[in-house]
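In the form predicted on its own, a lone chain appears below as structure tokens.
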Amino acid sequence: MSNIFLDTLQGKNTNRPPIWFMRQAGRVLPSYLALKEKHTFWQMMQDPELAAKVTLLPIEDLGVDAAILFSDILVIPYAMGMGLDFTDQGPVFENPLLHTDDPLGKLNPQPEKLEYIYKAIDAILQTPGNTTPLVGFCGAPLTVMLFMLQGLGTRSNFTDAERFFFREKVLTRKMAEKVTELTIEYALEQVRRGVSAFQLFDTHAGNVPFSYYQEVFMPSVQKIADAVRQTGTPFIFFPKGIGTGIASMNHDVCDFLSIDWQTDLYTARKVVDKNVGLQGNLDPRVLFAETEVIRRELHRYIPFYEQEDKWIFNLGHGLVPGIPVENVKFVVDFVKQVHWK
């Protein structure tokens, strides 16, 4: 059966862009917040039936065109032997690697610790009546390693971990390689379980100069991308904050490039390889505004789609807590109902 999200990924013509949101399986949905009152984040992630329910809530409540697995980018560190807890303030590691004498030696892959995620994928895809494509994902090595080294960070600042990157470049590369090995195993098992597409999140890609990123972390991104794409699964890459580095994200790297809200979508289309589709990039904070303000912002995308139909409507980052759910639904309805061409 034809699906607008899959058709767009495959380069087929559609009458509108597909729409889904990063961080759509929580944060703003009343149905999710009600579940959160009874269960912790960890409990929902580790219970396959609950994880499946949360994953599919945005389909039921918002009408988006794709689901994204309810999980977290830090499950790889957890599966490498790092004690992890999800608190109200964010994810916290028992012993961040900066506080150890041998950070590389502390990375001990235990892939069996990811089994609960695969069971969640099974539960999602076996849900009666569900035909919505499922997007699998994981965190990219740079972003994951910032948390592994420093922990939660201070106001999203990872100064100590970044200092480590520059002081210990060789060790950083070796750690990235070890993280990449388990990440590939994790990604391929998601594909084997049946995800329709895969997105690699590098939400802190802009924390280092692009020259450093290209030298130390891009080889890992390429390996993950190659492994996923060799299965025939579409690969979406989200390097938030990478700036002009998007010009280097050609079709060898990804099928679709997710553009952050700092980068103008028209500019991105001019500099990104024409064979690469785009995703994004509405600033999620716009959704705090009145609907008429949101409508004007959405109308800016219509001329873009008239000249570029290899595009998936999404945000330039994830949904922000406190956004009125009715505004999110307004965006979905707009995308589905407006005349795009």
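Each residue number is its position in the shown sequence, starting from 1. Model, not experiment: these values are computed from the prediction.
There is another form of the same protein, the form predicted together with ligand CP3; it is not shown, and what comes next is about it.
At a distance threshold of 4.5 angstroms between non-hydrogen atoms, F41 is in contact with ligand CP3 in the predicted bound form. Although the partner is absent here, Q190 lies well away from ligand CP3 in the predicted bound form, with no heavy atom inside 4.5 Å. Contact check for F70: a non-hydrogen atom falls within 4.5 Å of ligand CP3 in the predicted bound form.
Taking the partner from the other structure, ligand CP3 in the predicted bound form has a heavy atom within 4.5 Å of a heavy atom of F86. The candidate stretches are 90-98, 208-216, 123-131, 254-262, and the one lying within 4.5 Å of ligand CP3 in the predicted bound form by heavy atoms is 90-98. Checking T180, T203, S196, Q150 against ligand CP3 in the predicted bound form, a heavy atom within 4.5 Å turns up for just one residue: T203.
Just one of F164, F235, Y186, F137 comes within 4.5 Å of ligand CP3 in the predicted bound form, counting any heavy atom, and that one is F137. Of all the residues from 12-41, those having a non-hydrogen atom no more than 4.5 Å from ligand CP3 in the predicted bound form are R23, Q24, A25, G26, R27, Y32, K36, F41.
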